[in-house]
Structure formats: structure tokens, C-alpha cells
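As a starting point, one isolated chain is supplied in C-alpha cells, in the form predicted alone.
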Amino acid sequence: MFENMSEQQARKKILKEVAEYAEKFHSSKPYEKGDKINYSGRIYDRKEMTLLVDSALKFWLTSGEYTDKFEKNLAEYLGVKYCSVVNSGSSANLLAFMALTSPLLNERAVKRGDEIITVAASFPTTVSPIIQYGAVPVFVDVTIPQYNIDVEILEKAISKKTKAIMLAHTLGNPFNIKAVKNICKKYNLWLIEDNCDALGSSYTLDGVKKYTGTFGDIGTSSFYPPHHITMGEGGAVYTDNALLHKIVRSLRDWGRDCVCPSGVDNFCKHRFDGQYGELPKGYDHKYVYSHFGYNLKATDLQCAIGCAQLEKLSEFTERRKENFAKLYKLLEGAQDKLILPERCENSDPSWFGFLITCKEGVSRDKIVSHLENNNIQTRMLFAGNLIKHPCFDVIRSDKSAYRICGNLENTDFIMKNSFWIGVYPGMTDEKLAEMANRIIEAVG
């Protein structure tokens, strides 16, 4: 097959055939009534498959040229200085939080027992790193129908132990960034934006429109298949702070002090002449560890897909906005029984999903059952109230493990009465109409 071909010619032939294969066997099929309507899914074409195979043919199995390209392009898209790709959004949250515990931050470093303000109506891995480290999450209630932290009571949650605020933009809807940043400035708090469900969302602050994830000290993203773009598994941590970036890279790459890229030795030209800790002078810098770190890198195979996906992000964002608007219009006549979602003031969300809360006397279980029985996927607002889950059983009686500011009345209401459906770019007008019609059927 490859006789008398150079490697470059063989590669070109393979990639041409991969593109043809993708066109024939991976093109989306038209929707027919009764087909399953997923809440989200992968949207891809020949570009993703050819870049994936191109990376595979090079057989560079760890981070490499596609990783560098993806980090550079995502940073440029977001308008930030530094971006580090990791193996998942959950790992991104872990690194973002753990970066704040670094001794390099001196008196601003988060210590065990320090408090981090967050919400319980969230995905667990926004909170897990806080608890696992030994810091104390302080849970504040959220508002309905924006489903983000209630900034009217945020300041009441602050104590002498508060060091940071770590919040997600719920289902793509930005939280009140202006109010949260004002609190952070007033009390000298770190701000981590869990942007995993909001890539492409934006917010206007003091007349300047920026993407979410870029207002705080650190932002995070997830590239799991249902998200705004995908590389299968994957995530990113980004910041404008050079020191935080250095810490994130160290923690991501085993905790090492060395900044040499994979496969490169002596990048700094001082590999054997430093003095670190209590090590012998001149100990190999590639094996000096300044943090208790991990290996959370992604692979070039993943980032090759991500490079193709990132080119489509603006288009994906517009489709999400359009689908949300269409679904809202289809359901606005049912607002006597359903609470429809509302964007945060000064924001332009790239919606991850369409969140619906049932009013008193309307059964969420009945609606969800009707939708699922008619092949329409539904999802809860993640944990609903994370504190109610079995993972809290081991710390529920320990009053020093976490704290609740006030009550979580709206959080509990969401846990019992809310669900969401999809608005991802793969939705068609027929799918949106089918979902709306089934919901209206269920509420009578």
C-alpha cells in the first residue's frame, strides 16, 4: 500500500481516507420522531478525526505540539496570559484550589481550617478539593431563577478565616461577577471561577465585556463530551497571574520545580548547579519537587481534537443561545406552572442547559418520568443540595468540617423541584418542539 511512498505521502493518503471515512460513517442522521433526544453530545466532523489520526501517527503519547497549540489558542480566545491543559475539569478545579495552598503565596496561602465560600447547589468537584485538603467550605444559598449565589447574603458568610470564594457559573449563566468581585476586593479574597459549564459566556463589567473565567484569579474549564467543546476527557486552568501559573504547572507536573517541557532537558541551563531544600548542591533540577503534586496532564491525542473543536466554539456558542431562545418561547405559555431560567444582569450566557423549576403543586417527578418515557434525556441540577448526599455522612456530625450561612431554602427547593434539558448545538427545531410539547403535556 505504501510502496515507493515517503512518510509524508503516506500520511497524506491516510488522512485523506480518514476524512472520507468520517464523512461516510460519522455524519449525523436526520431526526425522526421517536428518536432519542440527548441533553448534550459530541459535535464533530472530519477535522477532529483527521487531527486525531495525525497525532496518533506521530505517536507522541504525552503532551506535545498539539497541547502547546491548544493552550496558546485557548488563552488567545479567552484573552488571558496563561493556560494549562489538564486531564479533566475536575482536575482543573483541584489544581485551581490547590494552587492557593502553595507556600509561595506566603500569608495569602490557604491553610487547613481556612474558609472558602461556595454553594451546595453545584457539581461536587467544585467543593471536593476544599474538603479533601482540610479547608472549610461555607455554603451560601442561591437565587431562583438564576441559580447562582445570592449576593445579598454573601457578605454575611465572611469570617476572619475566609480566604477565597470558589463558584461555578451555573449551566452557563454567569453569577453576579460585579458583586462577587467587590466582596473579594474588600476582604482581600481569592476568586476561583469554575467555568466548566460556561465556556463562551460573557459578562460586562465597568463597560468592558469579557469571557467568564477571566474575571477571577483563576478560571477552569471542562472538555468532557457534553460540554461546550470536547476532547473526550480534558480540562484547563487559566490565569493572568504569573506566580499562580507557575504553581499550577508545578502541581500538574508531579510537583516538580523544573519548568522543562516534556522530552526537554536543561531548558533553564541550570540543571545541576542549584541548591534546593536540604538536597545536596547540584542535585538534578528535573527531580526537585517544590510542591506535593500530581500528574494531571492531558495527551496530544486529546488536544488534537481540542484544536479542531476550538475553531468551532464561536459557532457552537451562537447555536446554544439560539436554541435557548427558541425553547424559552415554546415554553413561556406554561409559566403559570413552571419557572423558566433567567440570565444574570449584564451577562450574555452560552447556555449549557435549560433549567426548569416546578412551582408548588406541580410534580417534577411526573414531568421527568414523562420525558424519559418519551426518549428525552433529563438531568438534575447536579447535586441539588450537596450536603444531603452520602459523601457528607462521614463529616455530617463534625461541625468544624463545613459551615452553612443562614439556610439553604432555595437550594432545597431546587433539589426537589428542578431539572434541565439540553440546548446543545446538535438540537434541531424538531427536537426543541418535541421537548416543549412533552413538557406541556405533562403539566396539563
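One-based numbering along the sequence shown. Everything numeric here is computed off the predicted structure, so don't read it as measured data.
Only in words, not in the display: the form predicted together with a small molecule, which the text now covers.
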Q. Heavy atom within 4.5 Å of the small molecule in the model of the complex: which of Tyr31, Phe392, Phe382, Tyr44?
A. Phe382
Q) Which residue among Ser159, Thr204, Asn374, Ser88 has a heavy atom within 4.5 angstroms of the small molecule in the model of the complex? A) Ser88
Q. Is there a non-hydrogen atom of Lys297 within 4.5 angstroms of a non-hydrogen atom of the small molecule in the model of the complex?
A. no
Q) Are any of the heavy atoms in Trp190 no more than 4.5 Å from a heavy atom of the small molecule in the model of the complex? A) no
(Q) Although the partner isn't part of this model, could you tell me whether Phe215 comes within 4.5 Å of the small molecule in the model of the complex, counting any heavy atom of the residue? (A) no
Q. Looking at the partner-bound form in the model of the complex, is Asn173 within 4.5 Å of the small molecule by any heavy atom?
A. no
(Q) Given the stretches 176-184, 354-362, 191-199, 137-145, which is the single one in contact with the small molecule in the model of the complex, using a heavy atom cutoff of 4.5 Å? (A) 191-199
Q) Taking Pro129, Ser250 and Trp254 as the candidate spot, are all three within 4.5 angstroms of the small molecule in the model of the complex by heavy atoms? A) no
